[in-house]
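As a starting point, one isolated chain is supplied in structure tokens, in the form predicted on its own.
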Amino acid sequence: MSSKYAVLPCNGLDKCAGQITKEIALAICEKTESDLICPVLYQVAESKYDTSVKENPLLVIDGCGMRCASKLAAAKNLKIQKKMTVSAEAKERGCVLPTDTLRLSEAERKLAVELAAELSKETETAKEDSGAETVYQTPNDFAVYTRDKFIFRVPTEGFYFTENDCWLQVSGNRARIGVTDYVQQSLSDIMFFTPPNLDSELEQFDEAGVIESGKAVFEVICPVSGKVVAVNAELASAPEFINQSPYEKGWIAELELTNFAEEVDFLLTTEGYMKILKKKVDDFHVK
């Protein structure tokens, strides 16, 4: 995630959840120097915010299930890079939002601070971890399978794979994960990428993000267990890197490994994955 957003909060100031989105948006803008997009002005004076929404990843903060901020972004044909729904976050934390007052109590203010800190932490952690890319070797040799006009590449060294078309590259006690050339060609032009949550603990074969294109939605299946210590911040503004460079610039997340010694037996080598890839291509005739 970028260190700076264009922040589009809920317009529902007649609800407690809407009041909380305002507090969250202000806190993030103060901490990360992000730009605040007023949802009311944006509907009548779009040009005022054109530069910000074009140059920065868009963070949408919905108040409730009405998702008015998300709907506004969709109406403006904006690409949402990160979104949060306050009512859902409150429910997850056991916080009951009042319906008889718009004044925020200490509990609601605390919730706003926690949610703002969570979003701000993602920007800082991603920025700090951006230098970790250099510890992973760039693949320079590939096994290739060709069918019709399609050419599928698979690195021959330093990578493990799963039947779910995800890859793993290990460096010490950490590993990067991503999706294979087969996935990006099957999806075609990738438009959105939702990363896994930083600091989340994933088990082997848990969901580790979602990739969306105009053709389909693909759930990234985590090849191993581990703690998410970084996500690829560049994908927030350039998800097409997954198309252009699935094994390098298109990496998805970095994990601190927790059970690799046992789980490696469930992973595939290049040779093993090539057999599966060829069968998939031949069976489904990717076009």
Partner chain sequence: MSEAREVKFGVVSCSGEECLGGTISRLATRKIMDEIQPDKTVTICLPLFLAGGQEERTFAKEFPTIAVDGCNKACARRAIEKYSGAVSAAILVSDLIGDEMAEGPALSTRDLTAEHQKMIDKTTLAISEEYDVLIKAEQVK
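From a predicted model like this one, the values you see are computed outputs, not experimental measurements. What we label the rigid core is the largest C-alpha set whose atoms superpose within 1.5 Å from one form to the other. Numbering follows the first chain given and starts at 1.
The form predicted in complex with its partner chain is left out here; the points below concern that form.
Shown alone, this chain has one stretch from 64-72, 228-236, 51-59, 249-257 that lies within 4.5 Å of its partner chain in the predicted bound form by heavy atoms: 64-72. The candidate spot formed by 179, 210 and 278 is out of contact with its partner chain in the predicted bound form: none of the three has a heavy atom within 4.5 Å. Residue contact check for residue 149: none of its heavy atoms lie within 4.5 Å of its partner chain in the predicted bound form.
Looking at residue 23, you'd find a heavy atom of it within 4.5 angstroms of its partner chain in the predicted bound form. For the chain shown alone, residue 270 is not a contact residue for its partner chain in the predicted bound form, no non-hydrogen atom being within 4.5 angstroms. In the predicted bound form, at least one heavy atom of residue 37 sits within 4.5 Å of its partner chain. Heavy atoms closer than or equal to 4.5 Å to its partner chain in the predicted bound form belong, across 7-23, to the residues 9, 10, 11, 12, 13, 14, 18, 19, 22, 23, ordered by sequence position. Comparing the forms between the shown form and the other one, the C-alpha position of residue 13 differs by 2 angstroms or more, with the core used for superposition.
With the core superposed, residue 239 shows a C-alpha displacement below 2 Å between the shown form and the other one. Comparing the forms between the shown form and the other one on their rigid core, the Cα displacement of residue 165 stays under 2 Å.
Annotation for the pair residue 217/residue 61: C-alpha atoms approach each other in the predicted bound form, by 3 Å or more compared with this form.
Relative to what is shown, residue 34 and residue 254 are farther apart in the predicted bound form; their C-alpha atoms differ in spacing by at least 3 Å.
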